[in-house]
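Single chain ahead, by itself, as structure tokens, in the form predicted on its own.
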Amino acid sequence: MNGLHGVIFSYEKEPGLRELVEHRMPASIPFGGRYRIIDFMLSNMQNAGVTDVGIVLHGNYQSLLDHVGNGKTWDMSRKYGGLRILPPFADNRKYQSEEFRGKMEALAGVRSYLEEIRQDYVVLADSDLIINIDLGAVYDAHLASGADITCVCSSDYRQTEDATFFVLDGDGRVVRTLADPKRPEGYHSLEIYVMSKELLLRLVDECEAEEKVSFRKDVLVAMRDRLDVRGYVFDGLAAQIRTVKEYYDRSMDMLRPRVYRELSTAARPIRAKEDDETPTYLAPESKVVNALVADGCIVEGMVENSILFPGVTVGRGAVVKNSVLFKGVSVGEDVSVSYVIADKNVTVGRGGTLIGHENYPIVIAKDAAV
């Protein structure tokens, strides 16, 4: 879509993800057996014809850099435009050790990039959202409404902490904006916003001059009488990953055919970086029931209601249930694993037992030996 430019925010602010973000940002957490979470938003933009995208970084971003590379997976490797990695925004503080304070502060730090945007409109989005949405339809609705800002929102209240809610009138206009409410009301913001480049630059300059840092509080709430803000209600599956429990629940949702089909629809495919693994080997004595098993796995035991990323090994006599095993995990012979999230290259020795709970799954840190 030649008229729309993408800006994705990727930053550290999710202590609830614990061990999963010790070595990476939330955006680069593996998901669904083959993806990283940021693959969804990058694919949404690519599917809508958005080929110029900037990713604003902050924090532990090396894993994300390794994953997105030059953007070739999403057809964003281009001589002019394409995917741009925007380094940690400049300030007198050391952002590597300081908390991310807000989108407006981040945008002020990359203002020179915003000035060079060739398109007339910009879509802002977070990188920790699992969704398959037609951004072209959102853009068309924004143009048709004549709104200053269009906010994508949902009636699903799965995540209420650190959240924004919109109360809409009959025409879809936002009449109230609630930031971190104790009692959610209206529609939950999915942190996807469409506006003109011209308006975005004005808002960035005004907030920077007045030392304001938050988009939702200093723009959506404080400027509600000045701006025509409209809601675009999305009724499909959308999940923001903020805690280990949310990650586990949304991963298990991928084992439901309806959810998998909705997120992997052929009309809007989600693209992922290729691993070039060999085909998976299932031994004659193995048993696999209701599982997502990626390429490159060796399964000699039993796998049930679980997700296996590339290169996972399940030894003879081992039982893996209700678990998520990242790339390169090795489960030894006669091991029993239930309600476990094992990060990359974890080794579980033979004969052991690891049992968590669906409300508190065990998380094993990257490269650990158990």
Partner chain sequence: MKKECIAMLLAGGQGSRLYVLTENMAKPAVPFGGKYHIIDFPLSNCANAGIDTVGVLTQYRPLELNAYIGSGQPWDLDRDGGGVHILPPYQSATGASWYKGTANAIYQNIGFVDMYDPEYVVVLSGDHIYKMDYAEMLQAHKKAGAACTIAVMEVPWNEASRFGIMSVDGADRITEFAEKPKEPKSNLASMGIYVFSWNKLREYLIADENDAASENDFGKNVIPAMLGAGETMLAYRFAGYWKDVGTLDSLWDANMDMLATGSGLDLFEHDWPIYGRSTNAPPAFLGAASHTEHSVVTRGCVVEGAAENSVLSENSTVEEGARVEYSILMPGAVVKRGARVSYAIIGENAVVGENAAVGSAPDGSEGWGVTVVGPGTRMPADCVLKANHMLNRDGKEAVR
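Since the model is a prediction, treat every value here as computed from it, not as a measurement. Positions refer to the first chain, counted from 1.
A second form of this protein, the form predicted together with its partner chain, is not displayed here; the remarks below concern that form.
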{"property": "Region of this chain that lies against its partner chain in the predicted bound form, out of 177-185, 287-295, 192-200, 135-143 [heavy atom, 4.5 Å]", "result": "287-295"}
{"property": "Any non-hydrogen atom of K344 within 4.5 angstroms of its partner chain in the predicted bound form", "result": "no"}
{"property": "Exercise: Q119 in contact with its partner chain in the predicted bound form, heavy atom 4.5 Å", "result": "no"}
{"property": "Residue contact check: G170 to its partner chain in the predicted bound form, 4.5 Å heavy atom", "result": "no"}
{"property": "Partner contact for Y260 in the predicted bound form: its partner chain, 4.5 angstroms, heavy atom", "result": "yes"}
{"property": "Site test, I8, R78 and R242 vs its partner chain in the predicted bound form, non-hydrogen atom cutoff 4.5 Å", "result": "no"}
{"property": "Single option in E206, D228, D162, E277 placed near its partner chain in the predicted bound form, where near means a heavy atom within 4.5 Å", "result": "E277"}
{"property": "Heavy atom within 4.5 Å of its partner chain in the predicted bound form - residue from A238, A125, L107, I270", "result": "I270"}
